[in-house]
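Just the one chain here, the form predicted alone, laid out as C-alpha cells.
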Amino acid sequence: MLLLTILSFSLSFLFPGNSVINMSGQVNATAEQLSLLAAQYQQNENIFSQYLAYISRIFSGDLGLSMASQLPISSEIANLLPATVELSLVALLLAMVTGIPIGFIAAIRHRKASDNIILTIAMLGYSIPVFWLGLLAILVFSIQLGWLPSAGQISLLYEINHVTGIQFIDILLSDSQYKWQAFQNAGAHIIMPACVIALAPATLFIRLARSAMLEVLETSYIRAAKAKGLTLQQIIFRHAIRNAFVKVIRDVGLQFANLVTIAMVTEVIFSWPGIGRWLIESIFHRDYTAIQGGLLALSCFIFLVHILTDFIYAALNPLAREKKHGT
C-alpha cells in the first residue's frame, strides 16, 4: 500500500497540467483558492513533505473532486465499489464451483479421453476475448432468445434504497412488498456478466485443480490407503479432495486480480454501475483525480482479498501456519 500511494502521488506530476489541480480535482478554482490548496498540499515544501500532506488527506478520506462531475471521489467510490464487489464475488463463486470439480474429474480421468477433452475446452475458454464473449452473450441470450436482460443491475420498475450498495442485501433490507420479484430480477441481471467474467478464471481453476489432484494422488498416504484396500471412491472423497482443495485455495487470491481486470471491461459491455466502468470512463475523460482514487480503491480491494485468502489457506492447512518451537 505504501508503494501504491507513492505511485498515485507521482501520477499527479506525470499528468499534464497543474499538479495541485490533478490532486484536488478543482478545475474551476480561482487563483486565491489554488494558493490555499497549494498551502494545504505543501507545494512550497520538499517532495517528502508534499507526500506526507497527500497521505494525511487520504487517511482523512479526502481524495479530491472528480474533474468531470465535481463530486467527491470518496462518495463516488463508496457508491460504485459495492456493485463491483458484488459482481466479482459472484463471478469468483461461479468460477470455483464449476472449475474446481471439473479439474478434479480431469485428474481422476488422467490421460483418458475425458481428460483431454476437458483440457481442450479449458484452453479454448481461456482464449476467448471477454469483450467478444460479452457481446455474443447479449446477442444470443438477450436479443434472439430474450431470456436475460442485457444491461443494468436491476429493472427501473423496482425502487430499492441504497444502504450497503450490494443489490441483493439492499433488496432483503428493503420494506418493498415486491422484494422477492426484485430479488429475482437482480439475479437475472447478474447472471450474464458474472458468467462472462467467470469463464477465464474457471479455466484456470480447472488446470490448478487438476494439477493439485494429480499431486495429491501421487503422495505416500494415498498409496497407503490403496494398499489398505480402500476403493477409489473412498480415497477421492475422504482424503484426496480435501487436500487438493487446500492447494487450490492458495491460488485463489492470485487469480482475483485477473478477475477484477476482466470485470472492468465487462461492466462497460453490460452497463453495470460499478467502479470499473466509472474508472474506464474517467480514463476517456482524462479525469486524473478519479484515476488516482479508483486505482487506490481497486488495489485495496484486491489486497484485502489476498489477505483473506491467506488466512483461509492457513486455517485449512496446518502446515502453512507459523511453527512454534517448545523449550
Partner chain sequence: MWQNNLAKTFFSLTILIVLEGCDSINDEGLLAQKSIIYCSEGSPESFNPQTVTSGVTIDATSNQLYNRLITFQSEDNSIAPSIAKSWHVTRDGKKLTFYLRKDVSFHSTKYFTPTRKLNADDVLFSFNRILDSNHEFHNVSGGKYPFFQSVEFSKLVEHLEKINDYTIRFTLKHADSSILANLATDFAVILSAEYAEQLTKLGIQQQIDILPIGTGPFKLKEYRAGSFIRYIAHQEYWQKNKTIEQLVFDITPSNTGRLTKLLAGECDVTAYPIAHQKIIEREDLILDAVTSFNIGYLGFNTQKPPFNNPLVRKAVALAINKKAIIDTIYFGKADIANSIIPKASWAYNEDEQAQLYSVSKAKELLALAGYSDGLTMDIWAMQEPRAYNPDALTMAKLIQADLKKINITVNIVSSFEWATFLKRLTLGEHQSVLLGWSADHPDPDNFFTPLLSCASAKAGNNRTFWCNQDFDKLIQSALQTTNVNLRKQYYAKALAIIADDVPVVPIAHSKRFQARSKQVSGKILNSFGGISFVGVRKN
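Positions refer to the first chain, counted from 1. What you are looking at is a predicted structure, and each value in this text was computed from that prediction instead of being measured.
In what follows, reference is made to the form predicted in complex with the partner chain, a form of this protein that is not presented.
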item: Among the candidates 74, 211, 98, 150, the residue which, in the predicted complex, approaches the partner chain to within 4.5 Å (heavy atoms); value: 150
item: Selected contact from 232, 163, 143, 123, since only one has a non-hydrogen atom within 4.5 angstroms of the partner chain in the predicted complex; value: 143
item: Heavy atom contact within 4.5 Å of the partner chain in the predicted complex, the stretch among 98 to 106, 180 to 188, 244 to 252, 193 to 201; value: 180 to 188
item: Partner proximity in the predicted complex: residue 155 to the partner chain, non-hydrogen atom cutoff 4.5 Å; value: yes
item: Interface membership of residue 159, the partner chain in the predicted complex, 4.5 Å heavy atom rule; value: yes
item: 4.5 Å heavy atom contact, residue 78 and the partner chain in the predicted complex; value: no
item: Contact label in the predicted complex: residue 90 to the partner chain, heavy atom within 4.5 Å; value: no
